[in-house]
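Coming up is one lone chain in structure tokens, specifically the form predicted on its own.
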Amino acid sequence: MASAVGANWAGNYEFGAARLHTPSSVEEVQAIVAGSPHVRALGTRHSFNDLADASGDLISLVDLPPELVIDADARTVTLAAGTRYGTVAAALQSEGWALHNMGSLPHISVAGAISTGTHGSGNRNGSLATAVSGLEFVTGRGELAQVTRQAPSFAGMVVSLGALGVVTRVTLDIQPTFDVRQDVYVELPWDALLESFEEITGAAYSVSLFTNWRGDSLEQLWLKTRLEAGEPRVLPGTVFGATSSLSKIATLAGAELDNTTMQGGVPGPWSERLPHFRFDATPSNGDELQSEFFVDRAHAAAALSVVRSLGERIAPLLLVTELRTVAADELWLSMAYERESLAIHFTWKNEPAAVFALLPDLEAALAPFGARPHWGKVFTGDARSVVPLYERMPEFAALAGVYDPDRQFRNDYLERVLGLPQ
């Protein structure tokens, strides 16, 4: 079945592909790929740029049945790649299992998240892609490939930006379920964060900070504490100069409060605390743009200070900034490749002209820190600035040539940003 493609979730990008296919089986995916000169996979449309677009055909697998298979001995779950994280989390929790981390939105698809290096938070928590131990995908010419973590080039196949093929099934590492409590603190002094960055971001299993870059304090500090053996842990009323909030707080000023997960220190399953937003609610209306840049945590204070110097230019265009940390990994195109990372995220107002006028200056300010842009969000860098940030890029280009010899999965984005010719 084929239909008109339409726009992405935020409505800021209109897909140019001629057709959208929604196959009901892997065999159909193979046939579509084999019959199309230019084809790409489309997830839940949460990218803010042309990463997922194609000049010919798009394939969406988000409506295929999850078909979750838990292997308790191996501690893995295998599932359809288009499955949303909220669906996976609920199924695992019901069977007493958990993932190591979740993104802020449980609404995104597994394949889309891992292919772009999307992440949760925590000094010792790797991105969502680090849980991947196996992949099944349709390569160029419609062939089916199955690879595991033992494959020599597996580290280049997980965060792949769709350049190797259409991912159809994914195997993820799992662990026994655990409970989390979520506590929100307000008015964290900037001086405290810059002086004690590692201590603050390591104060809980998952930590998020929210700011508008104005004033002497960050508005919010969210601590998501993992509870061992189900025992609640009492947190103090003040941490690092920030005060505990007694009422539920949204990530965005004026946003609906009933779409966020339980706060106030109430213990609950990981699946209902690690995401910021509830799976049964709409996270926002999508009327926004997003950017995100990853720097080495060793340079966190300096990088944050540079961004603060642009605060008066950033704030009028901003809905909110979130600061999170990501553990280093070995995935070739991961934004956290071989680098303990700070992710500086911007949720912008939907004012593209003004945002794109500011981005070059923001990117230039962060360039001395080797800032890597999130693949699925808005940035202005191209292959000249992006490719040098990834030392394994030549090997990835060679891998793409092996699995996509006819360049069926190439598009404008891959040529512009990775230097992979169409």
Ligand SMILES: Cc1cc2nc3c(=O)[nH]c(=O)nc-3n(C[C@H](O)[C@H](O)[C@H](O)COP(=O)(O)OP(=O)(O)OC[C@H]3O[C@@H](n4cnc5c(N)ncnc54)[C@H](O)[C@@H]3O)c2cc1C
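From a predicted model like this one, the values you see are computed outputs, not experimental measurements. Sequential numbering from 1, following the sequence displayed.
The discussion below concerns the form predicted together with the named molecule, not included here.
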Touches the named molecule in the predicted complex: F396 (any heavy atom, 4.5 Å): no
Classify Q30 as contacting or not contacting the named molecule in the predicted complex by the rule of any non-hydrogen atom within 4.5 angstroms, answering yes or no. no
Might E288 be said to contact the named molecule in the predicted complex, defining contact as any heavy atom within 4.5 Å? yes
Determine whether any heavy atom of G376 comes within 4.5 Å of a heavy atom of the named molecule in the predicted complex, and answer yes or no. yes
Please pick out the stretch from 212-220, 103-111, 173-181, 191-199 that is in contact with the named molecule in the predicted complex, where contact means heavy atoms within 4.5 Å. 103-111
Using heavy atoms and a 4.5 Å cut-off, decide whether L99, E272 and T325 all contact the named molecule in the predicted complex. no
Considering non-hydrogen atoms and a 4.5 Å limit, which listed residue (T130, T118, S206, S341) is close to the named molecule in the predicted complex? T118
Considering the named molecule in the predicted complex, which of V167, V88, V159, V77 comes within 4.5 Å of it through any heavy atom? V167
Using the arrangement in the predicted complex, list in sequence order the residues of 30-62 with any heavy atom within 4.5 angstroms of the named molecule. R40, A41, L42, G43, T44, R45, H46, S47, F48, L51, A52, L61
